[in-house]
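Take a look at this one chain, the form predicted on its own, written out in structure tokens.
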């Protein structure tokens, strides 16, 4: 038996360090790395039997060619040479007739690592001259809000939460989606901390918390503005910190006057006295810390609302203390994205297509050539993206040549013309950075892939050879890439090397130890002013996209100029507190992540589905009674875009006129999926984020 160091490959902030247990040439088990300071040897239910996933009998292990109608799942085995030849012939034909921008790459974070992750194909497609696939499915709004307000900072160390006295989990179902933070929160609670969850419904985390602030969906920014109003009125501001380390306090104060607690109650549904008490306890109990999730961005005005939340720690001086401040997206480790993605190869005028809008894009482009081919890897758009029926309509086009690299024949892979088998984490070497803690983990190849599966890294090397791209970059080996993909000369990595990472399996970036780490006790925010910017200088100058979001959101927020001050959600929320409901579609549907799946991964695995349960929808007893629905009934959830089948769970955990159904289930196994109903993102939010929670439906008993 061998224990080979690895790292969880999934799109999860915890990025667990683990060991692959290998017997001969076979993966026989996995176990957590007990020496890792953050993940501490525990693996979640998604990964703890990872070896079974590798040897799933349904796994795709050979190249395949479609032989039946698109979507029929009828394929035949072919060789890699034949697959690459067909791809080359089709792409050459398309380039000659339409130009390379008729080809669109479509990748995301199904594998979350540097060489095999969402950027694995960037260099290849940039060199080829293809359209740019803009990836803003998740966190782009929250990251934009953070950069505009406090800059690209790592924020509060999650290990420092043990020192906090007041912990706010805002739009974050920590137990289900970042469970390794929870032990640090429990330790803080033993020391006397209070745990508050701000969330529209009673999640698993709410059930374990001390206090639930149950606001109406999409009103997060209004609630935060109400807190600011109270803290100013009651003299709870740390004026010394504000004066020395913030920008735009007077303007923010003026805006907050429009959000007195009684008015905020009408909009948010939170009792005005609770809002007052929340603001008081947050300000007075230092250190206070906020863990901000990505859910609030998925509403109209959601990104702006997150900017308000980002302002709160500086107003009360929470940044002065170990364990105080805010943890949002600690993604700003020194990755050499210029080396990995080669943006210097992007030709001037290259078209950018936001992949959230792929359903419409496949129907026809207003500018440039029609999309004639897509390569999909590391994602399952039919399951994961809004208005999936529109996406399927596009994928059914007879003139669209679709290539999919996958582990299984997913809902998206079913529409491929060519299927390519992808390796899994234990079958490839890579580096994994985290979006939830301060460690970089190493993943060592433990076993060979089954059949003819290859890594994403190898896939794009093969495609480069097939398309006769001769740049030396495409001949670099895995080891040569990994030695260069991190900026080892950056202060965060000073003293570390690739060899040290390989040997240790994990390294912590150089920001100080958790028991002493106070990143902004003396300001030093990585903003243009060096201060927490309540009034954003980047937004005021109108160049924040150019400075920070060139790759994340080059479509420039639909061409709209951003308000330098935060807090203006959509007018209907500000004026009435109304959601998307109408007389025809009277229920608002939230579709958060599930407890048992990671996005759509594992949703095809029977024992994982048993743990998660089949697709369900939570609805309030009043809404259930109105429709003659009882607990356990089979129901149809539908609107003008589509429908899905679910089991009704009647519960007080959700507010009246609000229903909740977790996403990730495959429509092919479930009679539709949540994203059959979610709205098409015609108008994107801050950071080009989606508004998929602004979704109105009806429910009928089947």
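None of the values given here were measured: they were computed from a predicted structure. Residue numbers count along the first chain shown, from 1.
There is also a form predicted together with a small molecule; it is not shown, and the following applies to it.
Peer 1: Quick one: of 527, 246, 304, 591, which gets a non-hydrogen atom within 4.5 angstroms of the small molecule in the predicted bound form?
Peer 2: Comparing distances to the small molecule in the predicted bound form, the residue within 4.5 Å is 591.
Peer 1: Counting any non-hydrogen atom inside 4.5 Å, which residue from 278, 161, 137, 401 sits next to the small molecule in the predicted bound form?
Peer 2: Checking each option against the small molecule in the predicted bound form, the one that comes within 4.5 Å is 137.
Peer 1: Which one of these stretches, 528 to 536, 252 to 260, 600 to 608, 359 to 367, sits within 4.5 Å of the small molecule in the predicted bound form when only heavy atoms are counted?
Peer 2: Of the stretches listed, the one contacting the partner is 600 to 608.
Peer 1: Is residue 122 near the small molecule? Define near as a heavy atom within 4.5 Å, in the predicted bound form.
Peer 2: Outside the cut-off, so no.
Peer 1: Please run the contact check for residue 407 against the small molecule in the predicted bound form: heavy atoms, 4.5 angstroms, yes or no?
Peer 2: Output for residue 407 is yes: heavy atoms within 4.5 Å of the small molecule.
Peer 1: Do residue 13 and the small molecule come within 4.5 Å of each other in the predicted bound form, heavy atoms counted?
Peer 2: Yes, residue 13 lies within 4.5 Å of the small molecule in the predicted bound form.
Peer 1: Although the partner isn't part of this model, could you tell me whether residue 170 comes within 4.5 Å of the small molecule in the predicted bound form, counting any heavy atom of the residue?
Peer 2: Residue 170 belongs to the contact set for the small molecule.
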